[in-house]
Each structure stands twice: as structure tokens, then as C-alpha cells.
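A lone chain, given as C-alpha cells: the form predicted alone.
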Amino acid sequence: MPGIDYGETPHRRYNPLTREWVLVSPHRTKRPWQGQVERTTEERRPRYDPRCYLCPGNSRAGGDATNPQYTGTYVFTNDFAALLEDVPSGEVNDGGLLQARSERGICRVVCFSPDHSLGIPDLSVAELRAVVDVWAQEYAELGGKPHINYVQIFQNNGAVMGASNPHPHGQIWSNETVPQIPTVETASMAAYLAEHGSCMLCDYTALELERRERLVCENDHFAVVVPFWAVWPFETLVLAKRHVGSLLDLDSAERTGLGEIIKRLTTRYDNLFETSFPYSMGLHQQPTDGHAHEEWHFHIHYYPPLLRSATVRKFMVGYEMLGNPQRDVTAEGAAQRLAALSEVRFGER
């Protein structure tokens, strides 16, 4: 069977984690960043904003609590949580067509820094290591509760991604049940382990490090790639080089390495179109349901929407809403673009 010319021929790529396909149409746009590149004026934020409900000493959004004068990271239970811990048990099942079940959980907010003006690329590796340590602590505490079976740590960066506040922060939602996407990933990785006798993402990481076609950057402990099956134009996947199931399995050097690779990747993102790059980022780690989950391999997804400039975005519309996801720029082209960028943020050069 002849091979595929990834740069010329329409083709589909398979995502083994979610068992879904993406249509790639490289002939539509040979160079996805051609055309006018619109630059935006960077918003200059103050180090402290008296109106910000996440800044130290300020009243929070609900008005019932005041932030302490914190000097590092700061965690609190979300005042407008999507999940609540004290929820009565209930269920509806009307012939299988109308089903609903109550869901308990705990939602927290993690402020990465007291400085309102900073973004992730502005934080030092030491400050990001502190964030990683807090993530690990929260994963252990929340996941250790008997009614919490999954802990989802994530960050929405930028108003375009739904961030309601520009203060550097992320969120943690912990669920009574394992959410849909981690459930699918668990099944996929378990099936791969049963069939091949090895970890899916260990094998995939080794393949990407050998071929280096989609490698963006790496350090001793982590590799960043544009995954072969990427849907979003500059989507990336952060992969642990060692087989670890969660943050709790990382040693001290690996935790520092994770902070470093996050800084390097997000700096590249900002340099791509010389703007504070919007994205949704999420850590995927093994469920906290009491099972061993030997199949699980720690990784982080970054889903940024920008396509050609700071103001031209990718939207999922038409065929993508009704058929399956589609992209024009290949994963290889996107990786080359990101890999060529400086790791010094554009405003500092």
C-alpha cells in the first residue's frame, strides 16, 4: 500500500487516546501563517488591581470572603463552584431516554502569583515549580477523599477562552465520577497495554523523540510535541519521558522540569503572534478511584485557538460540528513553526 504525502494529500489521522479521527487538508493552505498578520496592543496591567477579586487583600467575587495578603500561590474553594460537595443523592431514568444523576464534587481556584500583571511566561521556573507543588498537593488532598474519583486541573488563558479574570490563575474541578474524556483515555490506554504489553504514551513519546518531526522542545524530563492527530492549529501535548501516572510520581527534578517546560512552551506561544496567547490547558493524570491504573501516563494538553494571527481564530463549524474535526495546517508544519521561535518573550528582547 503506498504511503501518504502528508504535505499534499487530504487524509485522516487517528487519535489513539480518544479513538477519534481528524481530517487533514494540507492542500488548502500550504503556509497557514501567510497573509496579513495583525498585531494587537498588549494590555498593560498593574501589579495590583483594587477591582480584582483574586488580588491579595481584596474581597472575592461573592463578597463574603477576603483574600489574605498572600505572597506566593494561593488556593481557595471556588465561590461559584460548578460542583458542590453537599448534594443529595438522586436519579432520573425515564426509559433510558431521559437520564440524570446527582453529582458531587469540589472546585478550587489556584492563584499562581499575587502579581496581577504577570502571565505564565513571566513567572520564573522557581515560581512555576511552586505551582506544580500546589497542583500535586491539591491532587493528593482532593483525590484522597472517598467520594472523589477524578481531579481535573486546568487553566483557561485569555478572555477568548472564557477566563473571567486576567489575574494569573487556574482551576481544579474534582468529580465524584470520572469525566467522559479521561474515561475514554483510560479505556484506550488499558486496551493498548493489554494488546502490546507496553504503555501507549511511553511508546508514542519514544517514537516522537526518534523522528523529531513534531517535536517543539524538550528537557531531561518532558517532551512537547504537536501530536500527530492534533485538531487545533497549534495544539501541543506535554509528555513525561518517564512512565508516571500522576504528579505524585514525579521526583523533585521532574517537578522543576515540568515548571521549566511550561515556561518554555508558553513563551513560544506568546512569540508566535506577539500576543498573550490564549489557550485551554489541562493536566491528565490517573483517576483517584482506588484502582492501580498501570496504563496511565501523565500528560498535559494545550488547546489554543489562534490560526493566522493574534486576531484570526480557528472555529469548529459546519463539517466539524456535523462530521468530524478538520485542519489545514499539518502537525509537522505547526511543530516546525513553534520549534523555530525564541524562548525569550517578545516584549523582553
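Residues carry their position along the shown sequence, with the first being 1. Everything numeric in this text was worked out from a predicted model, so none of it was measured.
Beyond what is shown, the protein has a form predicted together with 5,6-dihydrouridine-5'-monophosphate; the following relates to that form.
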- prompt: Does residue 104 reach 5,6-dihydrouridine-5'-monophosphate in the predicted bound form, with heavy atoms at most 4.5 Å apart?
  reply: no
Partner proximity in the predicted bound form: residue 191 to 5,6-dihydrouridine-5'-monophosphate, non-hydrogen atom cutoff 4.5 Å: no
- prompt: Would residue 171 count as a contact of 5,6-dihydrouridine-5'-monophosphate in the predicted bound form, using a 4.5 angstroms cut-off between non-hydrogen atoms?
  reply: yes
- prompt: Just to confirm, residue 246 within 4.5 Å of 5,6-dihydrouridine-5'-monophosphate in the predicted bound form by heavy atoms?
  reply: no
Interface stretch in the predicted bound form with 5,6-dihydrouridine-5'-monophosphate - options 88-96, 201-209, 162-170, 175-183, non-hydrogen atom within 4.5 Å: 162-170
query: 5,6-dihydrouridine-5'-monophosphate isn't shown here, but in the predicted bound form which of 133, 141, 274, 79 has a heavy atom within 4.5 Å of it?
result: 79
- request: Report the residue, out of 156, 256, 73, 149, that has at least one non-hydrogen atom within 4.5 angstroms of 5,6-dihydrouridine-5'-monophosphate in the predicted bound form.
  value: 156
message: With the partner left out here, which residues of 49-70 have a non-hydrogen atom within 4.5 Å of 5,6-dihydrouridine-5'-monophosphate in the predicted bound form?
response: 53, 60, 61, 62
